[in-house]
Ligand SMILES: Nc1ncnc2c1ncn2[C@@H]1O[C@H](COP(=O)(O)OP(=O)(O)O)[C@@H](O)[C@H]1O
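Encoded as structure tokens, the following chain is the form predicted alone, with no partner shown.
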Amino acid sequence: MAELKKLSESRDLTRIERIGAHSHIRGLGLDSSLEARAVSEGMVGQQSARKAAGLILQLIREGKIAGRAILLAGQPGTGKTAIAMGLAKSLGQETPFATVSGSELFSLEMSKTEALTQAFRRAIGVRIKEEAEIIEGEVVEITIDRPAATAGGSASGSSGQSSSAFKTGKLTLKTTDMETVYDLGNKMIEALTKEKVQSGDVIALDKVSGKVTKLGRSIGRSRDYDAVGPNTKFVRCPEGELQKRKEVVHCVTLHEIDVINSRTQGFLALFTGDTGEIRSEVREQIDTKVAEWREEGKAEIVPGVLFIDEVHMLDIECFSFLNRALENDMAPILVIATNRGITTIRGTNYRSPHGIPPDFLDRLLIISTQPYTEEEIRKILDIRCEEEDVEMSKDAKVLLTKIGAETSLRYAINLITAAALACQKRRGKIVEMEDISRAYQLFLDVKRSTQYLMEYQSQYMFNEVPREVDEDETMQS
């Protein structure tokens, strides 16, 4: 039974990798001179839009100009969100990228302006620098002594506790120039055991916090025939003195600082997501403190990107707030996307291009996306087949491209997995034309669905034909 229990404990948990609509996007697909490649990093076509996004990328990387706003406008399925995703991937890990949907703001248990403020502050990073005393070197030897349990019946019950409580040990560290032996306390022994430190590892010890960081294996030990894993990193033995003063950089967003300072359990609120409304006094104090740090050279602001999708869903109050928020010194680069033409501004009776008020439109740099050509649809379908791990014959791809050109790219992409399942059912290895046509017959596109509705409209619930008003009735009213 004990063996079975051990086996079940050591069994690995498999991670479920889900394929998203834009999981194939790796970047904007630009070369060093910011020219868009035809097919690169999962991006196809939209070369002028990608080139424009590349210039914005350069603007963000320099981090000098904040509070700019960019509008991605185009028909549905022309790759607006893909460009925003590519922008996020190209920025790297350090530049904050926050994404919000226009409709999301109305379902949160807080005011619209508070939700927008939180989104803005999530997109502004603070790089905090601090100096730390660090001991860095290669582990020559590590010995841990566990004292024998105290004799006598009275102490037998606590012998296990006492042996773990009074561990002592020695750690020999070396650099290319020197070697020193350190006495270890109980806490340091626990930290080294937790990190599984052994001789030949290059480690860094923080003197203040006692944190142990494993930097890798020493290159001098690379010839040892140890059972090292494929991810083992080999590093050189550190040079100079063992004890050094190093500048440590922490990257946090303004929103994280707000949450931690707004309540007693602030740090936990970051994980639960239950942040609630944050008082303006707290934010003002944080802004003052960050400004002080900037003057002292302890911190620097990293303006990131806030991406608002379906921006036509915002109402006139939100647009008024955005107008003001963009003028703030601490504003990120705002990227918004919409697929609407001339439509009503939510919260008013006025019509405007993209459903955005003219005064806010005037602040925007507009990037428009064009419909994909048949050749580009084919290339996108190739990438999606690879991403979804579906093998498809050339004829099937030609048919799917034709369907994509006549209906929509999204519908054609949706058919890939459906056709793969149809192929699996007939126990085939490669998706053929018959599988595509089977999926096409089973699932309707918008045009065929609309046609079907028109034919059988009378048989649906609440089918009311608008009654024509007589001239007499209009005269009486």
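Quick note: we count residues from 1 along the sequence shown, nothing fancier. These numbers come from a predicted model, not from an experiment.
There is another form of this protein, the form predicted in complex with the ligand, and it is not shown here; the text below is about that form.
Heavy atoms of M43 reach within 4.5 Å of the ligand in the predicted complex, making it an interface residue.
Contact annotation: L453 falls outside 4.5 Å of the ligand in the predicted complex, judged by heavy atom distances.
In the predicted complex, the ligand lies farther than 4.5 Å from every heavy atom of C423. Heavy atoms of T348 never reach within 4.5 Å of the ligand in the predicted complex, leaving it off the interface. Contact with the ligand in the predicted complex, defined as any heavy atom within 4.5 Å, is confined among 349-357, 80-88, 136-144, 294-302 to 80-88.
None of K447, R410, R61, R26 but one reaches within 4.5 angstroms of the ligand in the predicted complex through a heavy atom, and that residue is R410. Exactly one listed residue, out of V100, A396, C318, I380, brings a non-hydrogen atom to within 4.5 Å of the ligand in the predicted complex: I380. Heavy atoms closer than or equal to 4.5 Å to the ligand in the predicted complex belong, across 352-374, to one residue only: Y372.
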